[in-house]
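Form predicted alone, single chain, as structure tokens, below.
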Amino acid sequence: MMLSGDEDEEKWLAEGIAGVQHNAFYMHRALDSNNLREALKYSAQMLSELRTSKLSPHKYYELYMRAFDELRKLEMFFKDESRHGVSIIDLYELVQHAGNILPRLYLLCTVGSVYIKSKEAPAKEVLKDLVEMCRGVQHPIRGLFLRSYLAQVSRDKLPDIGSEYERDAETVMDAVEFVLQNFTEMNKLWVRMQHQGPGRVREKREKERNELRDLVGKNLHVLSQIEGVDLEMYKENVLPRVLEQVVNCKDELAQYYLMDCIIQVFPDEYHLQTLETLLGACPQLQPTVDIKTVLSRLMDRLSNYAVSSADVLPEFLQVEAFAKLSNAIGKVIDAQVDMPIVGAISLYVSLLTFTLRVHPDRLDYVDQVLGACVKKLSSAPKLEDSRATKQVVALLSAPLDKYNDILMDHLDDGTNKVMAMVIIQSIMKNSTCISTAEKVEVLFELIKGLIKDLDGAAQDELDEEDFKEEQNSVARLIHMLYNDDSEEMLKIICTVRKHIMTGGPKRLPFTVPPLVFSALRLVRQLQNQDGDVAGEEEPATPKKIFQLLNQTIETLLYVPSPEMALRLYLQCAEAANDCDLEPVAYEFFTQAFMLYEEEIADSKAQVTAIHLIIGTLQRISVFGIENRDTLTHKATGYSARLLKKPDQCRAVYACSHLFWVDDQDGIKDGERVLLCLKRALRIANAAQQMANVARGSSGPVVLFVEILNKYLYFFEKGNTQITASAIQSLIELITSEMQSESTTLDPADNAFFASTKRYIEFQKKKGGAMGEKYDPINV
């Protein structure tokens, strides 16, 4: 049976681990009996398992760690001369007789560690010997792990200042030399991996090299931890040697990773004082290296260092940090002719951000950055790349973020609004993502001229159309604010609410609805989440958001805009239903009914409101019997008390749907449906009589035809209370009314009734169970 590559590797790893364990067992027996010869024999055989070339770096690491754990035990045995009876100097010679070079060098490093600790020889001599001897292994993976082992066992034995192995002032340089030499050799091995094997597995090799990069980077970390490496030594020796290796390796992956390592591990003060040297290497890197990210991280570190203390700011001026960074960015852009325009602009964005943080008072620096960017853009075609467009927006908005209080406060009211509209239109046009509460805070400070009355603003002069356009733009902007993280999204909603609540009665009807719907979108994200979660901050839950919404919608009562508030309460009730929160949904309905009773006086508004209430209530499934009965009773009562009889009739027959819901078990009360329809008929009859008294002729019969259609709907749905004879009687009543001389005939009513009769005939002819139901009805 053929095995896949992964299965082969697992098999080889298992065999290697078995070999390590087998020889380790006999090595332990030899150690227990203080038998040095046998211990060396079996430890060499154990380490021979590391000579394999069949494993990927990830699997080789597993095998290496098994051997590493055993070597720690062997080292403890070597330290105790009383157990093996051989001096450390002789032992150092003895292990060099191992047959294969890889086991020999692992044993040599292990004994070398003990040799340094014994102080029988200068640490620098032993370290120099070990780092030179390790050149004997040139296989990339085996060599990297061997040198990683050397770095591991020697890191606490370097002759550093304050170390027990320090002998004179020169010893710090010896420690640095050892680490640098090991780093150089490891980097060469790491880069050489790229050129091994056929070209078709290039992607696999890249992945394997990525897995090994920390082995190389640890050397730079060790260098940064050496106490004796002061600024002078770093400037004169360490950085030039490291950069020489980075530039000369001519490998994209190594250059990007090592430049990033240098920036991350060494102190900010060192970077500032060696800026020219560090930046000088950037144009010499391979054109494919992501230098914009490297430089951006460097500028971020330096700007954070600058704002950490006012005492360091003079240093930035002294070393001319801005000029050097600006010059380096220009050289990098010139050197990398194939750099996409988005990369060049993002470099200028980072430089501008650095300038605004470190030199906020130097507007001439801002001019230089923007001028350089304009020069670059002028030589490029019109931007089509959306990423580049977003970077340009970031470039232009960075000064606004910094100087918004200064700039916007110095503009008159009209110009302030124009600037705010430009900002909003730019965000909408470019679909700019504003996804944190901090960014929203900055944005709403910039556009505050649109969301509240500025001091001394003359509102009487404002054009109504312009005002509506401005507020609709703010509403669209609110819809664009979004974050997948529910906690952050709730912070955004609270930030927006804080700002729009200052908008005054004219603005709230425009800005509250989008905020409510944005919050309801979050509620639907959080469906089925409820209850309190332990933690420092209360989490975003539907209940918490509904409380916020209740307070927000309430503000519309003082505008006043009761119709809008009622619609929003009903939307919230429906969302609470989806979250299975009956008390919350009931509370929103209660608020809606109170609004209807106390605030909505216009008869047309009442008709619209009652139909909205009925439609929403019909879709609610969360209510228990008692709560539903209370609300349906209220709805039917308000329907029957509308001002005009036709409105009463239509609202009452609409209420019939509250007692018969198809997709909901248990709400199929045919008797109450019939009561609603009969009540609607009585109201329709009363409307006819009132029309006869007022105008001397009966009103239109359309109400009767509408009720007939409701009868047919419930008849088809299986309501046994609606019988064929009742439908027949209603058809005859309508026919009689239409033939009456006192009735005012309307062609639309005639067409409606004729269409209804054709539908009945169609159902009769269709046959089947439905045809049988309709058969007794004659039209």
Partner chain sequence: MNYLIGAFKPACNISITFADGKNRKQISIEPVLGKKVEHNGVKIELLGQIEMYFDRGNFYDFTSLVRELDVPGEIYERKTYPFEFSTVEMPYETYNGVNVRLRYVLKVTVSRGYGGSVVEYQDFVVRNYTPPPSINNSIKMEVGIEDCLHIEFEYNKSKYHLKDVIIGKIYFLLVRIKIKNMDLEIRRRESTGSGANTHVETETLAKFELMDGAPVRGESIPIRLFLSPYELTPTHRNINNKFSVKYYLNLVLVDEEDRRYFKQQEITIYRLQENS
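Residue numbers count along the first chain shown, from 1. The shown structure was predicted, so the numbers you read here are calculated from the model rather than taken from an experiment.
The form predicted together with its partner chain exists for this protein as well; it is not shown, and the discussion that follows is about that form.
Shown here without its partner, the chain carries Asn100, Arg104 and His195, all of which come within 4.5 Å of its partner chain in the model of the complex through at least one heavy atom. Among the residues Glu252, Glu599, Glu587, Asp129, the one placing a heavy atom within 4.5 Å of its partner chain in the model of the complex is Asp129.
Of the listed positions (Gln138, Gln527, Asn210, Gln689), a single one reaches within 4.5 angstroms of its partner chain by any non-hydrogen atom in the model of the complex, namely Gln138. Contact between Arg142 and its partner chain in the model of the complex is found at the 4.5 Å heavy atom cutoff. Although the partner is absent here, Gln96 is a contact residue: one of its heavy atoms lies within 4.5 angstroms of its partner chain in the model of the complex.
At the 4.5 Å threshold, heavy atoms of Met501 stay clear of its partner chain in the model of the complex, well away from it. Interface membership of Arg29, defined by any non-hydrogen atom within 4.5 Å of its partner chain in the model of the complex, is ruled out. Listed stretches are 113-121, 343-351, 185-193, 150-158; the contact stretch with its partner chain in the model of the complex is 185-193, by a heavy atom cutoff of 4.5 Å.
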